[in-house]
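Shown below, as structure tokens, is a lone chain in the form predicted on its own; questions about how it binds or moves come after it.
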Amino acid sequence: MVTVELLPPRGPSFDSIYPQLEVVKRHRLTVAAVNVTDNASARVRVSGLAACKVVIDEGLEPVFQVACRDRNRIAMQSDLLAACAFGVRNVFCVTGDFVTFGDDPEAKPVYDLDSIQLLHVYNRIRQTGRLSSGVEVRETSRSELVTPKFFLGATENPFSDPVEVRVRRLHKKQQAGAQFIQTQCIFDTDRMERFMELVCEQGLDKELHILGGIMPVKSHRPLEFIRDNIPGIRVPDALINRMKNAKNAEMEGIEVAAETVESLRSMSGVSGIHLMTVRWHAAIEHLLIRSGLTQTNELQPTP
């Protein structure tokens, strides 16, 4: 299974996302869905729900991401109903980066719910047709009760310590209704393997489809930024030095990502990968071809 991440634009136009969607279209037999972020890193972007509608109009399958940081439970349930009305079938719950990570640190965070609580709320709507208030999802008292069907997911970070706590948190998300998981970026495959060993010991691999997060980078600088600014993600010094010494850093970044994909293939319990390319559209095609994950191997893309 392969999914890719899409950052909605910062301006009032969708023009910037069409090139990435065109790449995904060329590999629609490989890429199952497009994960649309929700004001990622606490930075204002076009509504993820609106971007999901564009993805649908382009004939692709969106994953609607909902961050608890910016809206209360009323708004998040409203957005879910709108997403289902648009035909969105995949919903992804995150607590959301704190506002201090973004470009408007004076904004007031909401956090009415966290991601596990939101999973409970959405799962209740799916299973019983009742909102968090207990009100039934129906147009009028005489209308049929609606239990919208969607595939429910969440994120997990295998790299925060202690790893046993991360596995327990994963179990809570599964119990709350999660069916698939997309992990944080993987740069430390040894730690990911240890995490998956514990996941399989608990039998969670039988309950969840786990997609390992893959982020190809163009140079050592993004790795240094992640190491120094994003808590809980492990970036080995050896990897940073490898990227610094590469003759062609972009293609070395693709090679590193391909090696990570290969490592994930050998891990029990891993169902696929989630690509986070941060608008580096060519990396999608390069990595799919380099990893043997596409049926369009005749393509020879350029960075």
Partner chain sequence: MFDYSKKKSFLSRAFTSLERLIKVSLFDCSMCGQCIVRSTGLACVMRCPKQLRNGPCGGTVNGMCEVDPGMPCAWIRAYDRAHKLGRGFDKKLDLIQPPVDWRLWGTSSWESIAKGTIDLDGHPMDGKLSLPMFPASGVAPRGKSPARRHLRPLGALGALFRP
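Residue numbers count along the first chain shown, from 1. The structure displayed is predicted, hence computed values, not measured ones.
One more form of this protein should be noted, the form predicted together with its partner chain, which is absent from this view; the next part is about it.
- Taken together, the three residues 112, 117 and 169 all come within 4.5 Å of its partner chain in the model of the complex, as judged by their closest heavy atom.
- Contact with its partner chain in the model of the complex, defined as any heavy atom within 4.5 Å, is confined among 128 to 136, 80 to 88, 211 to 219, 146 to 154 to 128 to 136.
- Proximity to its partner chain in the model of the complex, defined as a heavy atom within 4.5 Å, holds among 226, 176, 76, 196 only for 176.
- For the chain shown alone, residue 162 is a contact residue for its partner chain in the model of the complex, at least one non-hydrogen atom being within 4.5 angstroms.
- Mapping the unseen interface onto this chain, residue 71 falls outside it, with no heavy atom inside 4.5 Å of its partner chain in the model of the complex.
- Residue contact with its partner chain in the model of the complex: residue 105 places no heavy atom within 4.5 Å of it.
- Taking the partner from elsewhere, residue 95 is found to have a heavy atom lying within 4.5 Å of its partner chain in the model of the complex.
- Annotation for 212 to 244: interface residues with its partner chain in the model of the complex are 231, 232 [heavy atom within 4.5 Å].
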